[in-house]
Every structure is written in structure tokens, then in C-alpha cells.
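So this first bit is one chain, no partners, the form predicted on its own, shown in C-alpha cells.
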């Protein structure tokens, strides 16, 4: 194991064990390096790496702190990485969505409130039967975000937010080039909503899978 990797593991172990908690300030560099049996250079590199992925917060003139470790904060690194996707990797993002989003939708079926269901229904009603592609894609993002938030799992919410961006262009492209893309999307949204209203976990999971798989299948045939 490289020296810097070892330093990262030792700091991570301190956080996982509770020796360092969210918001705690790290000991002085010289003291921490001695306690962990590390050189100050390797410790410095480890702190720099952990600050890049939002585990640590280096405050000039004040010290280094453990961040809140909130899932949304930690997963911002994922969002940054996926923003640099290539067109031929969009299928991989869609494959991950196809794994995660049906599970989140199934979870939402038993947890979503009547008020949240009414809000999703109002979104679909407002959109109408013939929205523009841009309107549909914007509504699509809001629709899925609302469902995943209703799952009650903040990590899933953050992951899905990070995965949505790279697939937006593919959804717009599909809407512009596939004849029935708009009507099919609206139909699938209504089917998902109906399954959620019925509290039917498996139907919700199935319709979410069909919905994402249809985009994935279209893109695979188009590339």
C-alpha cells in the first residue's frame, strides 16, 4: 500500500471508529502524524485527497475539520465526475439507474404520502397531453426526483440526482427523434403514479424498470 493510501486509511479509520466525529477539528499536523506513525508529507497528501472528496474541510488559518458527512455533500464528487461523461458511457449511467430507481420507486410505494401523490398528479395534469420535449424532460426530472425523495433514503436521493444529469441529453435526443417518445413517457409516468396510488410495490418497481429500460433500449439501437 502506498504511503499516502495508508495515511488515508488511518484517517478514515479514526472517523469510522468515532475517534473523529462530524465537525471535529483534527489535531495539529505534527501531533497527528506522530500518533499515526506517518510522515508529515504523507499526512498532508492524505488530508488534501480527503478534502477533495469532501470528507475533510481545510480552513486556512483555522485548521482542518471533519465535514458534516452528509450524503448529499459526499456525493457531490460523483456529480462532478459524471458531468464529464462521453456519449458512449450514457448507457452505463442508464444501467445504474435501471438498478437503483425501481428499488427506490418500490420503497416509495409504501411510504409516499397522499399529499405527495397529489403533487405528482398535479405535475402530470399541468403538463398536458402534448408538451414540448424540453418541458417533458424538465418535468421528467422533477417527477422522478419527487418519487425517490419519497423513498425516505437520502443516499438514494443523492445518487439519483448525480445520475440524472448525464442522461438528460439522451432523453432530449430521444424526444426529438423517436416518434412516440413523448406519449410513451407520459403513459409510463401515469402508470407509475397509479401503482404508487395503489400501494402496489411490485407494479411500481416493474413500471419504473420498463420506463428506464425503454430509454436504454432506444439509445442502444441508436448508437
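Nothing here was measured: the structure is a model prediction, and the numbers come from that model. Numbering follows the first chain given and starts at 1. Each form is matched to the other, and the largest set of C-alpha atoms that superpose within 1.5 Å is called the rigid core.
The same protein also exists as the form predicted together with the DNA; that form is not shown, yet it is the one meant from here on.
- The DNA in the predicted bound form comes within 4.5 Å of a heavy atom belonging to residue 58.
- Contact between residue 28 and the DNA in the predicted bound form is found at the 4.5 Å heavy atom cutoff.
- Heavy atoms of residue 44 reach within 4.5 Å of the DNA in the predicted bound form, making it an interface residue.
- Though the partner is left out of this view, residue 64 does reach within 4.5 Å of the DNA in the predicted bound form, counting heavy atoms only.
- Among 38, 182, 159, 195, the residue placing a heavy atom within 4.5 Å of the DNA in the predicted bound form is 38.
- For residue 202, the Cα coordinates differ by under 2 angstroms between the shown form and the other one after the core has been superposed.
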